[in-house]
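Below you will find one chain, with nothing else, as structure tokens; this is the form predicted alone, and questions on how it binds or moves follow later.
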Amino acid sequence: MTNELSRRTALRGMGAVLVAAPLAGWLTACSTTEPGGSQAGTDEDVLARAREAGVLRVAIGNEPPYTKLETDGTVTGAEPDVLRAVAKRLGIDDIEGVQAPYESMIPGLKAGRWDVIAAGLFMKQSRCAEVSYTEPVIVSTESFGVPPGNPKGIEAVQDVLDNPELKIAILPGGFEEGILNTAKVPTDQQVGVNDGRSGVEAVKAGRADAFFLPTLSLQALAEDDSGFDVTDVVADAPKTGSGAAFRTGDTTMVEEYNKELEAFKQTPEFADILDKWGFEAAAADGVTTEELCQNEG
């Protein structure tokens, strides 16, 4: 687990940021452009192209423990580490990360700017309608980051609904924003922040009464900042989980990926990766993409 968390980067207005050697020529040569400007091809193209190039381009955030961008540009974290391992089983040498804001990940995937998303992009109905998720890798929980002692007693989404004076910091485009919107929490109770650190600072400065984020993400932030508390798991938040997300037309890739993912889950290496980043491999046992895609939002 690490200290730096950033689901929204300061470069959000600039779009995606390439964090490894550019492959613009490869993308141009190996993709076709459909009317409207999006890049696509046959469902075999992604797998064949990545095998030939030796690399799979992946959109990430920079939100440990889900994803992490090292100072040398190496992409790691629970989801990218699993993606890298499965990609190798598919005959793809490595992955190359592109850092992007969460709200830009699916549009960028559909436009062909990257091949896959592996960023803790939690499954929900609206996202599952736009991309093809693999089976889950991570199943996670949600918590609130609150001032020490939790003076306003914020422990559940219902608490926010019951008190219209409460302000909750969220990451625009994030799963937590969807939870609040589904629960019909008014938008004037939601405070958009750029990244994890900004969310914590909003709480500490009194601009927000709580910061809604995955439990492990808040705990990672708390390792480097004792100025806020992390609540217990929010009981009325839905079960959340994520896997790799491909374009809806990438049928062959998703089928082959799921076969290798299932085999990889049976190895000690899968559990070791999840354990390294603070997750339990067993949490995903029996949880399906179909189930998680029923999440509203």
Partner chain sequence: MIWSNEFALEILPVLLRGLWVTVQLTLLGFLISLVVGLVVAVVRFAKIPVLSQLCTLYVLFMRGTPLLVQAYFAFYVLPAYGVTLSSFATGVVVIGLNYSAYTAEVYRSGIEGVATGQWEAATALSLPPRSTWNRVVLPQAVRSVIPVLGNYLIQMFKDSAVLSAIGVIDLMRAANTLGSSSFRYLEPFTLAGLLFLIISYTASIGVKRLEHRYAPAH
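As the structure is a computational prediction, the values presented were derived from the model and not from experiment. Positions refer to the first chain, counted from 1.
Keep in mind that the form predicted in complex with the partner chain is not shown, yet the notes after this line are about it.
Taking a 4.5 Å heavy atom cutoff to the partner chain in the predicted complex, the contact residue among T141, Q219, S126, T182 is S126. N194 is the sole member of S132, Q189, N194, T76 with a non-hydrogen atom within 4.5 Å of the partner chain in the predicted complex. Heavy atoms within 4.5 Å of the partner chain in the predicted complex are found in exactly one of 141-149, 78-86, 154-162, 197-205, that being 197-205. Residue contact with the partner chain in the predicted complex: E103 places a heavy atom within 4.5 Å of it. The closest non-hydrogen atom of P107 lies within 4.5 Å of the partner chain in the predicted complex.
Taking the partner from the other structure, the partner chain in the predicted complex has a heavy atom within 4.5 Å of a heavy atom of P172. Of all the residues from 228-245, none has a non-hydrogen atom no more than 4.5 Å from the partner chain in the predicted complex.
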